[in-house]
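Given as structure tokens, the chain that follows is alone and in the form predicted alone.
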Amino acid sequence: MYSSFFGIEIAKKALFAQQRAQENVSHNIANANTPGYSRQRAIMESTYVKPYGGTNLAGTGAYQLGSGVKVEDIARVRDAFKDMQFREENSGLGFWQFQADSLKQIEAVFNEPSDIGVSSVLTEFWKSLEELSKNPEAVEIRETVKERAVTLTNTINHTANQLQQIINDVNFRLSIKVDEVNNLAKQISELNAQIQQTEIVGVTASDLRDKRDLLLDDLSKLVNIDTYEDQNGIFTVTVGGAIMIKGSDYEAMKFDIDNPSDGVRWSGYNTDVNLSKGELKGLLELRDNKIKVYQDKLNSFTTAFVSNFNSIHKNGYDLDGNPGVDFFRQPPNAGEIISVSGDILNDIRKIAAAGSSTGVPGDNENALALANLKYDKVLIDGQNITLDDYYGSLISKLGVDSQEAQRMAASQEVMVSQLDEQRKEISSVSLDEEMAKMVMYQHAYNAAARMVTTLDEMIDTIVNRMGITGR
């Protein structure tokens, strides 16, 4: 025999459960615009069943009577597989975005085609030599040759210095990004500890998990990560196969900006971080396999130009009938990879335009040879190629690299955006849906309250109105 108040107890549980669910709706609506928030739902389940009408469940006339409802858990709605896909592609986006931006900057450094790029000033230098071959004794033309040579060396040096400055910027960015990775790892490990502490009593730490997922999204853009959680709730993050975060512990990365060639290494493991995607990998790829190649090609071009030009120039004779000297020098000073020799800068009569000492001043044989160097094939990096074509191949490679990076960055951006939208379709708050739930829980709450009133009236009938006939 159950208490007369058993029904009121059931109605009370219903009131509490609908109220909790309504509060959950309120929480969802409040966080509709919170970054990283996953909508939550109140999981209700009926409470224990009591046998009724007999001594046990198998007894004659026995049946089961439910005892109400309770909110078993507040669970967040999220698809772990979508998260994994998003982070995988997000690492690719981080890899290409930095390259696309930086390669645009490098294209601006070379500034080709333009009137002030190396190609243009080199063409003007060749033209000045052709003019010299027409009038080798003319002082004003010799002055033009010298000035065009100075302009050429200044342009090459400026390009080389800008490339080195971009490498320095990349190294600085690497140090900043490594600090950012370590900071995210620290925050995630702290959240792991809080989540474990909260969930050890059997409740879901939905909001803390949202914060952790948001940090993991940020981390995935910096480095390639894999995540998993074991049956004991120990959450682990690995980078390139190495454990970076396990529970409340994390392993930091390091990057020595004073020794940037060492790359990104693990502080504790003291080994290289195996990076395959993300902004860190993009920066390393940009520094070591893109800009370094452009630097090497520019140096090879400059070396071949200086060597071949000086070789021809020293075969000639100046206006005084003296053998030619070095026209260019390499590398004369720090911060420069080419300059006009002091002999030429101080005395333009030393420009060796003549092919023999007896032919001066009208001999133009060597000036023609210098001008024709433009069409001669020389050996550069194992290739038999003209200087103009070699430099043109450098610019072509830069253009191809830049276009590829921009195309890949745009493609990855679209893919990441689509995956993010798919995640949001599952986990983001729909205000229409929450409004419908609000009405649903409100009606259930009103019905439970009405049930309390009804049961109260029934008890009142028993207590105050039964057996009063004839009073």
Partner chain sequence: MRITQGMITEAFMRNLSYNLKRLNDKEDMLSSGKRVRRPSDDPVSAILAMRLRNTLSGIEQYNKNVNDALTWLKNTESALANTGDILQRIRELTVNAANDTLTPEDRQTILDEVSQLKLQILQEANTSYNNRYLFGGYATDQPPFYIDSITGKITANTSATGTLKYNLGMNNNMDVNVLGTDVFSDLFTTVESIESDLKLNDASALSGRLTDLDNAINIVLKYRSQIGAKSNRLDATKSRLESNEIDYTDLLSKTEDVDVAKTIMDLKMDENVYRASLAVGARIIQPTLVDFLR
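All values derive from a computational prediction rather than experimental measurement. Numbering follows the first chain given and starts at 1.
Although not depicted, the form predicted together with the partner chain is the subject of the following passage.
- For the three marked residues, Ser402, Asp420 and Val429, a heavy atom of each sits within 4.5 Å of the partner chain in the predicted bound form.
- The partner is not drawn, yet in the predicted bound form one stretch among 280-288, 117-125, 186-194, 229-237 has residues with heavy atoms inside 4.5 Å of the partner chain: 117-125.
- Although the partner is absent here, Asn31 lies well away from the partner chain in the predicted bound form, with no heavy atom inside 4.5 Å.
- Using a 4.5 angstroms limit between non-hydrogen atoms, Glu112 touches the partner chain in the predicted bound form.
- Taking the partner from the other structure, the partner chain in the predicted bound form has no heavy atom within 4.5 Å of any heavy atom of Ile380.
- Within this chain, Glu107 lines the site of the partner chain in the predicted bound form, having a heavy atom no more than 4.5 Å away.
- Listed residues Asp389, Asp256, Asp320, Glu147 were compared with the partner chain in the predicted bound form; Asp389 is the one with a heavy atom within 4.5 Å.
- Only one of the listed residues (Asp207, Glu131, Asp326, Asp83) places a non-hydrogen atom within 4.5 angstroms of the partner chain in the predicted bound form, and that residue is Glu131.
- Contact annotation for 430-450: residues with any non-hydrogen atom within 4.5 angstroms of the partner chain in the predicted bound form are Ser430, Leu431, Asp432, Glu433, Met435, Ala436, Met438, Val439, listed in sequence order.
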